[in-house]
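As structure tokens, one chain now follows by itself in the form predicted on its own.
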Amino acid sequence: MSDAVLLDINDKIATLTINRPDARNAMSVEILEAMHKAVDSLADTQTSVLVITGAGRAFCAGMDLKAVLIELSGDPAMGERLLTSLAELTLKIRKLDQVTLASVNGAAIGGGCGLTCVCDVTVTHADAKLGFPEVDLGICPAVIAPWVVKKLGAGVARKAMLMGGVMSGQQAFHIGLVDQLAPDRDGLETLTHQIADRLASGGPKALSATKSLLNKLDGSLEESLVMQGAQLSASVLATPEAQSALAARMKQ
């Protein structure tokens, strides 16, 4: 497994850490490939809980847009491959037998914020920054939209994704994007351990069966919507308008 993603297993609890702190853990080709491998490897473990977090002071700043722009200039299909990989990763995480806990230690932006919505439980601290600024950048957050709607409900998700921008951890907790809130970063570590231990105390088969049923009840297994979202996001990303807007933002 690449050093871009770290997987630590302690009895029933696995912790996946996106390990690219110098780039705020933005998702590159390497990061996505490593995350797929880490998630796949859990099938061979006795874990019942997966904690997902980020190294350093960010959780995940979404897709690595600078790298995407460079790669698109040489390979127009790269955007679709990256977004398809992200879509497949979200489905894979949702279908895991393990209960997933997003420990949002810092900024969770765009696809990174969408990743928190895929997890079964999300915790953060009051000063973290979360949000969906894609429309501000001239791109479309369709690849994560199904998960945001499932997490927030259609009305709140519509406002959050169309208004763009970011919000504090406190605001995210207020609208239901976050399930439990710690007062600060140090408190988040304690809260994460408490919740992970509580989840791990449940029967593995009971947890897996309950999660599987909930996935059926809320439509999480409707893969076509997620994959259509990836294609729509990629089609907008490929437009001159989006690439021009991104290029201008990268220069700031």
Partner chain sequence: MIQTERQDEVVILSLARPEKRNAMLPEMLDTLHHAIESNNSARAIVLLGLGKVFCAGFDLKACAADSSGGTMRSLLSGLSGCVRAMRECDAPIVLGVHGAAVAGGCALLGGADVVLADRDAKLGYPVTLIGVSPVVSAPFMLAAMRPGVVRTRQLDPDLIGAARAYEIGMVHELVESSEQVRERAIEIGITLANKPGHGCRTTKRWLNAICDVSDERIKTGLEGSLSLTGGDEERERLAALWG
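Model, not experiment: these values are computed from the prediction. Positions refer to the first chain, counted from 1.
Although it is not shown, the form predicted in complex with the partner chain is what the next lines describe.
Put simply, of Leu207, Ala67, Val29, Leu225 only one has a heavy atom within 4.5 Å of the partner chain in the predicted complex, and it is Leu225. This chain is displayed alone, yet in the predicted complex one of Leu91, Val121, Ala126, Cys140 has a heavy atom within 4.5 Å of the partner chain; that residue is Cys140. Residue contact check for Asp136: one or more of its heavy atoms lie within 4.5 Å of the partner chain in the predicted complex.
Of the heavy atoms in Met163, some are within 4.5 Å of the partner chain in the predicted complex. Contact between Ala77 and the partner chain in the predicted complex is not found at the 4.5 Å heavy atom cutoff.
Proximity of Arg158 to the partner chain in the predicted complex: non-hydrogen atoms within 4.5 Å are present. Proximity to the partner chain in the predicted complex, taken as heavy atoms within 4.5 Å, picks out 128-136 from the listed stretches 107-115, 79-87, 178-186, 128-136. The three marked residues, Ala145, Val149 and Glu241, each reach the partner chain in the predicted complex, with a heavy atom inside 4.5 Å.
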